[in-house]
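One chain comes next, on its own, written as structure tokens: the form predicted alone.
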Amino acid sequence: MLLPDAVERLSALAHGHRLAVFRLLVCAGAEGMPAGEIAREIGLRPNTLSSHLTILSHAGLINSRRESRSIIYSASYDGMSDLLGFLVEDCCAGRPEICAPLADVAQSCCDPQ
């Protein structure tokens, strides 16, 4: 990932409502959520949510698809993985114990138990 792309993604997440939307969609999984449900969960008016969704989409952090009359939004796990990879790319400097806590976090949140 190039620095300008990382900056755009981090900028998109540097707002409380957008970060809340992104985290909600990460939890929702690949099936995603319709915009109205996102607005209710986060407590935003639909027109306000729309602008946040646009910013997240342009940053490559969420995807959308049409199902009947609804637009379903989901997290872009590829976009998230690229950003996380960029952030930790050089973190260890040959010392894996530095990044071990990150691996533990990833393991605990992804463990099906």
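Numbers follow the displayed sequence, beginning with 1. Remember, predicted model here, so these are calculated numbers, not experimental data.
The same protein also exists as the form predicted in complex with the DNA; that form is not shown, yet it is the one meant from here on.
- Put simply, of 35, 28, 42, 80 only one has a heavy atom within 4.5 Å of the DNA in the model of the complex, and it is 35.
- In the model of the complex, the DNA sits within 4.5 Å of a heavy atom belonging to residue 15.
- Contact annotation for residue 85: none of its heavy atoms lies within 4.5 Å of the DNA in the model of the complex.
- Interface residues of 25-55, taken as those with a heavy atom within 4.5 Å of the DNA in the model of the complex (partner not displayed): 34, 35, 36, 45, 46, 47, 48, 50, 51, 52, 53, 54, 55, in sequence order.
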